[in-house]
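Let's start with one chain on its own, the form predicted alone, as structure tokens.
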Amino acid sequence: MKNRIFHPYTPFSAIEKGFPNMVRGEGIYLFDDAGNKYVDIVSSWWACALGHGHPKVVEAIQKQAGVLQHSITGSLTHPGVMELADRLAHLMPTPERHSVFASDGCSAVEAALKVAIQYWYNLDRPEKTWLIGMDQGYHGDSLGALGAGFVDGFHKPFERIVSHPAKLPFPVSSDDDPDGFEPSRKVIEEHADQLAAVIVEPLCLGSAGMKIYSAGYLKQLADCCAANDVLLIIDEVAMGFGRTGKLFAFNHAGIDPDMVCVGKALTAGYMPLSACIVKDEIYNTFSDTPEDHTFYHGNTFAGHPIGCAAALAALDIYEAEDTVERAAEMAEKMKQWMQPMAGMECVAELRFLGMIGVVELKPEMKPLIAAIKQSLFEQGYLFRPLGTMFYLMPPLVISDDELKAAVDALHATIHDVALCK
């Protein structure tokens, strides 16, 4: 059959070589139609925190599919979305929240950005329209999201039609500023009168190359935004639900964000569903009396019943199986097992954040990246390098032996392909 897919983030040269045709998933593995199995070491774009085929999530999806397949949340509700909104509110530091539901992380971000703009409009401060993020931050591929997050290597064709009034520089620590926050403080304070919101990926810029910064920076950012009447949006789409060793990455900083965007692992990656979780002090300004401030924004599949069933099951599993605590324990083991790679001649740096392990090779290794990836693929590992960086972001249910084997395979392959000692 002719491949008629417009593949995302995929060069045509890769398409010409053909792809494995995945037909089944089980645990940390994906299986193709030839019977080969592969370790899903990047959790299917960072989403499948519970691996593939978890019986409780599958059962919840099947059960809901036989009861209610779809019902809109515009002027209607259903039991699953009511329960999920309540559960999400109570996962926040303060539970006085309402959730805008959508189908993917980018759509949740889009809702958050529009909520921020309209919030200030509702308060008769329409001049506060700027939405800024961190340099090279990623919040999705819609034009709105590109206005707040922009990865040069991905988004250059669109740079002339999206506005970037300002950016927070990626933090660089110094003796006088250990969290590297002061340059960001200057940006926020200088533009506070125009700033509606700041949005950041908490602690790790994923698509920029798993660039990691401190919880201290995030705490100072939250305090600075609050002091300058700027909303803080935390994009937990990739980092949420245990990936960093806490339920949410912002928990490391002890902050209480104005809005939190979640997706991906919200349903364990099994159904498209996302949410923007909004503080009630923001939500309450959207009343239609005495003046109409209704939020005229929505998504056809917002609060999709089957997606909600998957999310509720996933939340139950994260709690019942101590997924977050286990991830924190596994993270220490992964760091220990990866540490020997720091001494390799071709390795520039190792970085770690919870169950994210990064091996960044030196720039001169770039011509060998494709060969290393292909060798790992032939060994049954699905890596997706970013630049000269290989990273492990496996399902949180991976066993000690499986994780150790993946680390060893990466170490040995870099050694053999790059002739690196």
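The first residue of the sequence shown is number 1, and the count goes up from there. Fair warning: this is a prediction, and the values are worked out from it, not measured in the lab.
Separately, the form predicted in complex with a small molecule exists; it is not shown, and the next lines address it.
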Is His304 a contact residue for the small molecule in the model of the complex, using a 4.5 Å heavy atom cut-off?
no
Indicate whether the small molecule has at least one heavy atom within 4.5 Å of a heavy atom of Asp179 in the model of the complex.
no
Quick one: does Asp104 come within 4.5 Å of the small molecule in the model of the complex, counting heavy atoms only?
yes
Indicate whether the small molecule has at least one heavy atom within 4.5 Å of a heavy atom of Trp46 in the model of the complex.
yes
Report whether all of Glu201, Val237 and Lys264 sit within 4.5 Å of the small molecule in the model of the complex, measuring from non-hydrogen atoms.
yes
Answer key: of Phe241, Tyr119, Tyr270, Tyr138, within 4.5 Å of the small molecule in the model of the complex (heavy atoms) is Tyr138
Tell me, please, which stretch of 139 to 147, 245 to 253, 218 to 226, 160 to 168 lies within 4.5 angstroms of the small molecule in the model of the complex when heavy atoms are compared?
139 to 147
